[in-house]
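In structure tokens, the next block holds one chain alone, the form predicted on its own.
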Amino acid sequence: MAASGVAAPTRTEVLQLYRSLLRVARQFCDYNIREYTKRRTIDAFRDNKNLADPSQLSAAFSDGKAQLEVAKRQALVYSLYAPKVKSIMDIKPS
């Protein structure tokens, strides 16, 4: 624990959050939204890779958890209104 009293998330917790965000991204039915969510997740973790201050780490982790909840809700909403026709990017070549 840091002197400021803010506990930084462990490496395991950060990896769990990363995997959860990518897992939720796979649930989007629309190709563009799915890829955007994956790209945003990867970019955010890459940008915050070198954070060392425990308070910044905790803030980034909390933001990531909030984004995970938003992504879960959005995946549910998008699944309710999913298009009947698949995107050309989702069709597997024969």
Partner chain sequence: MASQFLRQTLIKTKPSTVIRRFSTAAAVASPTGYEEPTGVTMKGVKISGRPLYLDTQATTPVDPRVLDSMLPFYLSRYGNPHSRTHLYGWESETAVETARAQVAALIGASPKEIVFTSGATESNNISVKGVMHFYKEKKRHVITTQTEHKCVLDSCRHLQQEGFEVTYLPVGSDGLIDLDRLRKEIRPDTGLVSIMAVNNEIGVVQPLEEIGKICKEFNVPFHTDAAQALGKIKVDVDKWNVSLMSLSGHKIYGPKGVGALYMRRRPRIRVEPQMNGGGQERGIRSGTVPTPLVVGMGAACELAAKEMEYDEKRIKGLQERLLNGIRAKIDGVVVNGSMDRRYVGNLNLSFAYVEGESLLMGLKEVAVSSGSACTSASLEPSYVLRALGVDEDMAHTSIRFGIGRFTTEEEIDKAVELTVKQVEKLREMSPLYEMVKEGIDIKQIQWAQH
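Everything numeric in this text was worked out from a predicted model, so none of it was measured. Numbering follows the first chain given and starts at 1.
From this point on, the text means the form predicted in complex with the partner chain, which you will not see here.
- Residue contact check for A59: none of its heavy atoms lie within 4.5 Å of the partner chain in the predicted bound form.
- Contact between S55 and the partner chain in the predicted bound form is not found at the 4.5 Å heavy atom cutoff.
- At a distance threshold of 4.5 angstroms between non-hydrogen atoms, L22 is out of contact with the partner chain in the predicted bound form.
- At least one heavy atom of Q67 is located within 4.5 Å of the partner chain in the predicted bound form.
- Not one of R11, E13 and Q16 places a heavy atom within 4.5 Å of the partner chain in the predicted bound form.
- Contact residues in stretch 41-64 (any heavy atom within 4.5 Å of the partner chain, taken in the predicted bound form) are D43, D63.
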